[in-house]
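Single chain ahead, written as structure tokens, the form predicted on its own.
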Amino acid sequence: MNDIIDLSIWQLVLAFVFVMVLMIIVKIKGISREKEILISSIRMTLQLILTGYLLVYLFNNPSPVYTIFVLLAMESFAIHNIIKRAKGKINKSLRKIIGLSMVVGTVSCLLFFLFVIVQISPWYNPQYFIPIAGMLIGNSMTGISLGVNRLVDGMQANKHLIEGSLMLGATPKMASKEVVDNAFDSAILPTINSMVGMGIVFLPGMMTGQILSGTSPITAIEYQIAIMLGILGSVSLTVILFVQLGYKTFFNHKDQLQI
């Protein structure tokens, strides 16, 4: 494989030309997004720089304590972000379901992926543990975020239909089945669409990064296939846990709809 081409600080600065072009376009079009574009670009850059130095330290000083701490931090941020991005106010019970679904779904899939598929040693090896955990948690966060909004909107939009079904003798599960199914479909669809176009329409970021770093394309493809299947499993499990437990928070102990 060819030697890696290191980017200098000035080459990275030149990449911000794309940001400047976008800001000029939105300015000409009268779209008030210049501030958001600039802040997000600067924030992304600073976050990645700090993350890079943190990963260098973690890789040079592997420790189960550090690895678990990073995992807990990623889970906490993901759960907070899901709740923050939810449209409208969500009750305390639904927040607990979000946290439970994220932790159980992502951690179980992460452990299976690392111990059974990759078989890393030691188990807390940050070089594998942290990047894979980030991909599983990040995609699951996106999936549940979509599921939360669709479930809440569906329950509110179909309130009268659900109440009508309950009066006719349907259980809460039966009455809300269509809403739950739609929420699951909306949450899982982006992952499926991404898998369909992968390798033909676009090359995924993980695979591209490995190839640019000098890894054999075949090895990069093997890892990409494995991680995408892991992401599919993680997103599916977290979302199915959420929708199957989440809809119950909209009903009281008498099976009455509470919205």
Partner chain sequence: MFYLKDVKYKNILDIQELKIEDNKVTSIIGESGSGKTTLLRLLNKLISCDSGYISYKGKNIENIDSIALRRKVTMLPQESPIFKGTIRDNLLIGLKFTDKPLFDDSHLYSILSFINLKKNLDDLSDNLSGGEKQRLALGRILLLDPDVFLLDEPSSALDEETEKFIIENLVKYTKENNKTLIMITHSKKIALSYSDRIIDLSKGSMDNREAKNE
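Positions refer to the first chain, counted from 1. It should be emphasised that the depicted structure is a prediction, and the values quoted were computed from it without experimental measurement.
Omitted from view is the form predicted in complex with its partner chain, to which the following refers.
Against its partner chain in the predicted bound form, the set Gln11, Ala15 and Val17 makes no contact: no member has a heavy atom within 4.5 Å. Proximity to its partner chain in the predicted bound form, defined as a heavy atom within 4.5 Å, singles out one entry of Val118, Leu161, Val107, Leu100, which is Leu161. Although the partner is absent here, Ala73 lies well away from its partner chain in the predicted bound form, with no heavy atom inside 4.5 Å. Though the partner is left out of this view, Gly88 does not reach within 4.5 Å of its partner chain in the predicted bound form, counting heavy atoms only. Although the partner is absent here, Asp153 sits far enough away that none of its heavy atoms falls within 4.5 Å of its partner chain in the predicted bound form.
In the predicted bound form, none of the heavy atoms of Gly138 sits within 4.5 Å of a heavy atom of its partner chain. None of 129-137, 185-193, 89-97, 164-172 except one has non-hydrogen atoms within 4.5 angstroms of its partner chain in the predicted bound form; the exception is 164-172.
For the stretch 243-259, the set of residues having any non-hydrogen atom within 4.5 angstroms of its partner chain in the predicted bound form comprises Lys254, Asp255, Gln256, in sequence order.
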